[in-house]
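There is one chain below, alone, in structure tokens, taken in the form predicted alone.
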């Protein structure tokens, strides 16, 4: 039985493997580009025809994907794109990187199921399928595997199946795909071994686990850990404000301890594709499979969900303290993406905060070097030019996402009032800065 996969192992070892990556979001495209740049022949599949057309033209239209890596992959001639799944039949390795959103507080695996059916109908013997989409433990074996086996092939006997969660952090210049360790878990030892061999071509360190379920849960733990600790400092920020203590000073002080502490920082809430969503998988599965609430996770979610409203109230209070009526107030927001130095608006707490200010009658405008316009949460806004005049004209400049491109010294010099939700400015410089 092991001999059936000898060709696959040989191709994985010499790097001449043919790869099909299903889903060309920032996860799938980053993987496809890295594999092609490393010498593999890669086809990226996506159902978004406009995205595929742009990628075929050599235009990187996916936020979070490294431009240099993308250009290198395109120039190599080893990276192609399409909307059809025909390339699955020739691929040695098929990697599924499709969205797994939350719909009505439940995991939505529609895209995984659709990809599984398409791949399963074209899968051939001796190949390997890897799921990278974040999901709850059991998805690879209980949801994806039956779809892949619907054509008559069997996992472990005819093809290999594994799960390896993505660990890409958009905007992180220190840790990329190559130097971020990978965890891998297969449905059987042969699958784990082959998946480990595949990622070893692309990643410096690969950590094999005993099962797909362990790898699936490891991903949820990573992001639940962050979400819970962000909730802790968010609640601490509220407590510190009531007690007249600078929460940022407290965090900096605690960070001087060289062991037993890791700093997290408060803000208008959590955003992006992982932290607001992944813990929901964990809480949902706990309720479904055990009937038990994952109480810490649910409480942390509630605290983080409260933050846009809390930041809105603090901004309103700061305006009121300076005698500015809400009906006359103009707030200029700096940064609306979910984190600094990326163009991703998914689940952005900054956008939520602006929407709440608008509902209170405040006139809002925004600047973000990565976003041309906002068209969500009832907002219809075009980016404002960040001129000295614009800064000085606002009743308050609100720092929600502190991109590196911002000259905060200029903001501090010309703004009447700054509400700093991210500790981006020196609050001791003068009396114009109000900190979260």
Ligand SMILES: NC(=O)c1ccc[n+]([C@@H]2O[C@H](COP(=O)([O-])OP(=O)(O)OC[C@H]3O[C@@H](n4cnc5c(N)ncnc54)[C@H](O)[C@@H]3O)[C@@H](O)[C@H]2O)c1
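Because the structure is predicted, anything quoted here is derived from the model rather than measured. Residue numbers count along the first chain shown, from 1.
There is also a form predicted in complex with the ligand; it is not shown, and the following applies to it.
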query: The unique member of 307, 237, 73, 97 whose heavy atoms fall within 4.5 Å of the ligand in the predicted bound form; finding: 97
query: Answer option from 314, 273, 213, 78, heavy atom within 4.5 Å of the ligand in the predicted bound form; finding: 273
query: Within 4.5 Å of the ligand in the predicted bound form, all of 226, 348 and 435 (non-hydrogen atom); finding: no
query: Stretch in contact, per heavy atom within 4.5 angstroms of the ligand in the predicted bound form, of 106 to 114, 318 to 326, 351 to 359, 120 to 128; finding: 106 to 114
query: 4.5 Å heavy atom contact, residue 48 and the ligand in the predicted bound form; finding: yes
query: Residue 301, heavy atom within 4.5 angstroms of the ligand in the predicted bound form; finding: no
query: Contact of residue 170 with the ligand in the predicted bound form (heavy atom, 4.5 Å); finding: yes
query: is_contact(residue 406, the ligand) in the predicted bound form, heavy atom dist at most 4.5 Å; finding: no
query: Residues of 8 to 30 having any heavy atom within 4.5 Å of the ligand in the predicted bound form, listed in sequence order; finding: 22, 23, 24, 25, 26, 27, 28
